[in-house]
Ligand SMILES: Cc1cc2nc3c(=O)[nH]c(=O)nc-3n(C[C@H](O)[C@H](O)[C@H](O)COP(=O)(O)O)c2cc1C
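One chain follows as structure tokens, the form predicted on its own.
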Amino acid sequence: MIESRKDDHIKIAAGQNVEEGNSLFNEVYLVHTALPEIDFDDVDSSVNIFGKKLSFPFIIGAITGGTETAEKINTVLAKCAEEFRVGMYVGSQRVAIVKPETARSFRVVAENAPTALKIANLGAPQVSRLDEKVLSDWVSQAIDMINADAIAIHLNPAQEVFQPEGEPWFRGVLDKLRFIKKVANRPLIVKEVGNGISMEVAKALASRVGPDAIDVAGTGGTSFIKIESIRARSIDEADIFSGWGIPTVLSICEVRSVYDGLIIASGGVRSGLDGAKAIAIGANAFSMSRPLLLAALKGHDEAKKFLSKLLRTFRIAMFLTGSKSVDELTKVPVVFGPTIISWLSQRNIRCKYVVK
């Protein structure tokens, strides 16, 4: 059952070590500004994304839906999104479309975050098998369910191929994405779930789909290869593919080299400083999931505490680089470590946001 799978994901993600790889934020250095010529209170971290003003460029990552536990988590996170004026993805809504009795676990997001940026979410393998009439209906249902401002389609080939009930169906996805872009009447985000997006995939998306945003979701955070392997009791296979994918920092650079739209950085982002680094090298916003899941499971106060710290550390990074605005943060000098330099050299990628 889909519902039991969702609860499995929550229990495993919260209770076991499921983080894998290195996002490489440890190899991104923002140059300290000893004389910022601004006061800390002058720092304005706000941004506008898809017509919504956010207090800082952060989106609560896609986590869950479809169960009682998921409803509680989504309620806590939606309240925080509204209070902190940040964005929020929901988890895959397929469960609520095929089992309407579970839709309540998603609708609580619209009820508790009426003015926040809300992003609906469907999976590429599932939409790949739907005809256009049914697909249009699914898209409408997903958007209406949470009164979404945008819709994300997640690419998760690694998760599907390791999942016991997996559906590794990706033939024709580009055509379906183009159709969704046409009928959604909302911005379209294409996202990974933890293995990164290459410049080749970004180029195909840009030329054939024209998404409004790409969420790179690189390696360094939660590994769905590991989660699904734990569920399938096939840890040996997970060990073989340990760390598979593109580290988040490298994925940002890969995508930015061929794509001019909005980039969301996720995958191993664990602090406001990581978020600031992501924006300095080419992202427009950042996201994280597992840390918010762990906080939400402890209750509303813990989730608020986490977001308060995240906002403050992001603003501190802006202050210490002399950035009065997020736009100024995109122009600060950055130094890369050897792993990043080697990858970019071999891939012939020039990161225009880095001072050479």
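When you see a residue number, it is the position in the sequence shown, counting from 1. Here the structure is a predicted model, which is why all the values come from computation and not from measurement.
Below: the form predicted together with the ligand, not depicted.
With the partner left out here, the ligand still marks one of 178-186, 133-141, 238-246, 265-273 in the model of the complex; by a 4.5 Å heavy atom cut-off that stretch is 265-273. Shown without its partner, this chain lists 78, 151, 193, 202 as candidates; in the model of the complex, only 193 has a non-hydrogen atom within 4.5 angstroms of the ligand. This chain is displayed alone, yet in the model of the complex one of 62, 296, 43, 307 has a heavy atom within 4.5 Å of the ligand; that residue is 62. In the model of the complex, no heavy atom of residue 282 sits within 4.5 Å of the ligand. Contact annotation: residue 229 falls outside 4.5 Å of the ligand in the model of the complex, judged by heavy atom distances.
The closest non-hydrogen atom of residue 326 lies beyond 4.5 Å of the ligand in the model of the complex. Under a 4.5 angstroms non-hydrogen atom cutoff, the ligand in the model of the complex has residue 222 among its neighbouring residues.
Contacts between 278-309 and the ligand, taken as any heavy atom within 4.5 Å in the model of the complex, involve 288, 289, 290, 291, 293.
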